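Shown below, as structure tokens, is a lone chain in the form predicted on its own; questions about how it binds or moves come after it.
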Amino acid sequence: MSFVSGVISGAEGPSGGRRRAVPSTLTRVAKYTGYRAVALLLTVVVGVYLTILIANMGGYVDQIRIAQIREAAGGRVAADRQLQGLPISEIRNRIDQYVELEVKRLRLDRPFALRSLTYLTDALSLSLGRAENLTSDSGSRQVRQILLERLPATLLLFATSYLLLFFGTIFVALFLSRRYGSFLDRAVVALVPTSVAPSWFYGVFLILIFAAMLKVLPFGGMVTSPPPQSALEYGLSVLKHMILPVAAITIGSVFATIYSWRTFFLIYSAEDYVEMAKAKGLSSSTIERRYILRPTLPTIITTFSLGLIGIWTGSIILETVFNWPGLGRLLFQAVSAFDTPVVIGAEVIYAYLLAFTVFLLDIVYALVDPRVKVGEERKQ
């Protein structure tokens, strides 16, 4: 009986006190996952609400919209021949009635603080609604449709540029780390300041040289006008239009990125365990794979993941310079037209993608780096 009661009530320690049950690994991981999910969700809520406040200028955009409604009402009344013979006071009364109906329909008569909470709920549930001024290429005013039509162009341009830049710079940096102090290594270090300028800055010069002077590449756009009917010719036209923007993105970041990775590799290649591996007679490829690339794997994964998230947003100025029909140019048009739903819709998608990526990174870190323990309790 004493043995059974001991099992049921819990084992006792040397001092006679009951030992605390150690939670299983699955329980700790579940608690940690839930905590991180809640924390990231709160971050998304705060970020989206701040976007709503900024995009609406704290409610000032509502005044602009009411002024636009009044202007449209005045033009509508002026174009109605039946109302042109009425007294001025009656015409003003008709305009005021139309404005009042529109304000109530758009719920602009409610305080902005209450409407901002409604905007927040709709945004978090991805009920992006209708755009106020912009339309998609197919004529739809649904924000979701507008974003989906511009998304492929942005993904095509920036995914191509980023993947070429990321993997190319890693291999070049690893090559330079083996040849520290060589002429090529010093040349890359000397060219690092060129990455201070943004990519669109180089894009302007590339357009002047290859489009205006040499006339071998198009000024901008995604495809020639009218678009080719053949799928092969259409694809070749898109590739030709991608040359200058891809080159601008690459030139704007390549040397600084190579220098950054090369510095990481040099730091880890100078560690004692690398010297020990060399003394054991391990090959250079094995040393680089196990003792140089493996410690930098968390940094590589973080840079790659966050860079992929940045692909979805595009670049406002670069896409505008090259007249590229992507999300960046769409965001510029939405801000210029005070189209708040489109601005909020783009930022909400970006916030969700960023939070989901950070959430996955926490788990991936524990898999690639044995020093990271998910949900591990502190030792008492």
Partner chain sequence: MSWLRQQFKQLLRHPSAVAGLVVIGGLLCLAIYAVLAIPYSEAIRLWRGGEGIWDDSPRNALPAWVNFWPGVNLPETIIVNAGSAAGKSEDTGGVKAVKVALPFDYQYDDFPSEVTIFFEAKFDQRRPQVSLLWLTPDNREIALGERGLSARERYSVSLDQRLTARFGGQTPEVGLFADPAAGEATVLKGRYELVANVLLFEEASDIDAKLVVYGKVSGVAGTDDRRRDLWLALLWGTPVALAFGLLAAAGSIFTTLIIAAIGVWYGRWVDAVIQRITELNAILPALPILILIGTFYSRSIWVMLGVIILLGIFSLGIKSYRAIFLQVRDLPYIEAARAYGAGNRRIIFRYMVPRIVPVLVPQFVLLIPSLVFLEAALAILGLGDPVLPTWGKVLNDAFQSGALYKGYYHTVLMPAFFLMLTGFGFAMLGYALDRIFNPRLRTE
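Numbering follows the first chain given and starts at 1. Computed from a prediction, not measured in an experiment: that's the story for all the values here.
Beyond the structure shown, there is the form predicted in complex with its partner chain, which is absent from this document and is the topic of what follows.
Exactly one of the stretches 102-110, 135-143, 191-199, 276-284 approaches its partner chain in the predicted bound form with heavy atoms within 4.5 Å, and it is 191-199. Residue contact check for Phe332: one or more of its heavy atoms lie within 4.5 Å of its partner chain in the predicted bound form. Although the partner is absent from this view, Gly47 contacts its partner chain in the predicted bound form, with a non-hydrogen atom inside 4.5 angstroms. For Thr263, a non-hydrogen atom is located within 4.5 Å of its partner chain in the predicted bound form, even though that partner is not displayed. Residue contact with its partner chain in the predicted bound form: Tyr32 places no heavy atom within 4.5 Å of it.
This chain lacks the partner; the member of Ala159, Ile267, Ala187, Leu117 within 4.5 angstroms of its partner chain in the predicted bound form by a non-hydrogen atom is Ile267.
Contact with its partner chain in the predicted bound form, judged by any heavy atom within 4.5 Å, is made by just one of Phe205, Phe171, Tyr234, Phe304: Phe205. Residues Glu347, Tyr350, Ala351, Leu354 are the ones in 339-355 with at least one heavy atom within 4.5 Å of its partner chain in the predicted bound form, listed in sequence order.
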